[in-house]
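Single chain ahead, by itself, as structure tokens, in the form predicted on its own.
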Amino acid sequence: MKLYWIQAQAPRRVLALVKHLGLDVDTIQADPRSGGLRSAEYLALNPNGKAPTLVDGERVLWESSAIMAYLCDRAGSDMWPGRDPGEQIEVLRWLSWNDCHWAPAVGPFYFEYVVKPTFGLGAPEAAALEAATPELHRYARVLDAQLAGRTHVACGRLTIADFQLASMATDWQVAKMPLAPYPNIVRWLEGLNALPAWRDPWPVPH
């Protein structure tokens, strides 16, 4: 298997899963600054021009949640509950909630304080963050309530839903996300950082 990645949130969760499950995957870092995601060769694999992309023989997958489910299935891991439809629905609910609500709510903070410095796009815009703050609080309250009395988001154990949601906020302090008032979220993020694969998912350059 080959996994194309860049240093960003979606590849981070897939790389963490690869390391956590101990999978034999050839990781290939693309360079978005030099057009590595826009080459004809890469676009033939992923027409969106995004990362990650997984290639396993004739199968080519993009979208991190689908890649994570596939890798769990290959590894026989219940981080994606492939044999329990009820648990699948629960995980899918939180994957969808992430993509429709959580990611858009916290994304502006990540963009202003992480993406902009990385790519030299200028200083953070206070007005953009002020406009984004109410939505962050709205959905942080939902996630904090879900995590009350729980160590994981779904199914009472570690699943790909944890990796999906946490990847959006693992850099919350660097990105100046106002999450300190949500102790259950902070506790959950700190708990995930106890996992070596989550704390340091990035492949060693070679």
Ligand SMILES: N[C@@H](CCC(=O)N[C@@H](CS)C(=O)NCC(=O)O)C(=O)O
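A residue's number is simply how far along the shown sequence it sits, counting from 1. Keep in mind that this is a model prediction, so the values were computed, not measured.
There is another form of the same protein, the form predicted in complex with this ligand; it is not shown, and what comes next is about it.
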Triplet His152, Thr159 and Pro201 all within 4.5 Å of this ligand in the predicted complex via a heavy atom: no
Practice item. Spell out, yes or no, whether the shortest heavy atom distance between Gln9 and this ligand in the predicted complex is within 4.5 Å. Key: yes
Contact label in the predicted complex: Ala175 to this ligand, heavy atom within 4.5 Å
no
**Prompt:** Quick one: does Leu37 come within 4.5 Å of this ligand in the predicted complex, counting heavy atoms only?
**Reply:** yes
With heavy atoms only and a cut-off of 4.5 Å, decide whether Ala51 touches this ligand in the predicted complex.
yes
Per contact check vs this ligand in the predicted complex (non-hydrogen atom within 4.5 angstroms), the hit among 138 to 146, 22 to 30, 62 to 70, 176 to 184 is 62 to 70
